[in-house]
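Next up is one chain by itself, shown in structure tokens, the form predicted alone.
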Amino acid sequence: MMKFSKIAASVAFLSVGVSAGALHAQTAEVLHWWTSGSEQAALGEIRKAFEAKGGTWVDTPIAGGGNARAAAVNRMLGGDPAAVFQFSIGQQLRELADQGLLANVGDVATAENWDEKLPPLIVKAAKYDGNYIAAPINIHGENWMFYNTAVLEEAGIEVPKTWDDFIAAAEKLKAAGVTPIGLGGQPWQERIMFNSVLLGVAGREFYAELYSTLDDDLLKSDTMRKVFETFAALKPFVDEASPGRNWNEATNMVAKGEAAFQFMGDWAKGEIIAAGIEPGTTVGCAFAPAIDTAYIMTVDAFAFSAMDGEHATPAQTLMAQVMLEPDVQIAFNKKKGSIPARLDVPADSFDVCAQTAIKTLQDKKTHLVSTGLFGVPSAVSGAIDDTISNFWNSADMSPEEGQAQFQQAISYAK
């Protein structure tokens, strides 16, 4: 078990605030993967608040989540850690805690009562040995369907509520010369669309049980076969230029009317806002077709390297505090396209899509976890992405074969 680093500042010190003078020149290198325009704008809100309280921010952007996570780990193992680094909460972060590489922010969390202000699934995932090892900054939902309202109106198509309705609409759009689905052809993007189909066809109870148990009977079930059949039916509705495309390029296709739909997390709203579009207008938003309402959550979070023996730096303490301040939560998430990690932040100033998400999460039965390094072990997460991508990009693999490979890969990885 890891012996946690203790935050140097006391709870009493936090409760009266931190003076800018006391923290002048306190430096925190922040390693992250937010390189798009909307991501940079959102991160700037945290930086502004941090620097306003006397912190010094050293920015280290690394394109690509996988690349940034690898860089953070390699630097810790090499003895040159970034003080603050973006990471996915879940098993992989706990593995770093096992090795004694992380500082916990338990004093900050206790002072600010994070346990009561964050959703239970996030509280559980962000803790190790009873203490927080990361500061969750937001909640993203992955099972969104964005659409170009003018394209649908011109084609006489209503926003589909079932996958059968979606397929019928996509056939009509394709016949009219419109690309039905703007898809970035990368494994994680293909997995997001697959999980939306899984939720939509099988329902939230099946989804939750499947990914919490990884049960072979569920993986081999007729329900799972129907999921693969439906997913396969979407292949003809993606353009030939999809492979390798970035997610924000697919979002721009929808914004420009070059594609009708995109299945993507609500970070896509950040690009929509950056293009001068109010979400819910030119680009509409709805949950992907589903038999019941649920929200597949993923969380952006920052963790803290053990820097000075067993003590985290005051700059790290300040960073954790700043990230969950209500004003920062609002400003950051409006630009990021996500919703606050804190459930007690007022929703009235957010766009209609975000308000729908916030209202949905009031019902804990809607809370589902993403499989992208959050809800399942990292080895299983990788197996899911790989097998879904292989199936999606195979011209001759049947749904039955895809299902069998999915089951086998998860069984080997778990």
Ligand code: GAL
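Note that residue numbering follows the sequence shown and begins at 1. A quick note: this is a predicted structure, and the numbers were derived from the prediction, not measured.
Although it is not shown, the form predicted in complex with the ligand is what the next lines describe.
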Exercise. Using a 4.5 Å heavy atom cut-off, are 34, 39 and 300 all in contact with the ligand in the model of the complex?
Worked result: yes
Exercise. Given that the partner is absent here, does residue 267 sit within 4.5 Å of the ligand in the model of the complex, heavy atoms only?
Worked result: yes
Exercise. Would residue 206 count as touching the ligand in the model of the complex under a 4.5 Å heavy atom rule?
Worked result: no
For this session: Although the ligand is absent from this view, report whether residue 114 comes within 4.5 Å of it in the model of the complex, heavy atoms only.
Result: no
Exercise. Even though the ligand is not shown here, does residue 163 get within 4.5 Å of it in the model of the complex, heavy atoms only?
Worked result: no
Problem set entry | Heavy atom contact within 4.5 Å of the ligand in the model of the complex, the stretch among 209-217, 254-262, 176-184, 292-300 | 292-300
Exercise. In the model of the complex, which of the listed residues (287, 128, 237, 188) lies with a heavy atom within 4.5 Å of the ligand?
Worked result: 188
Exercise. Does anything in 377-414 come within 4.5 Å of the ligand in the model of the complex by heavy atoms, and if so which residues, in order?
Worked result: none
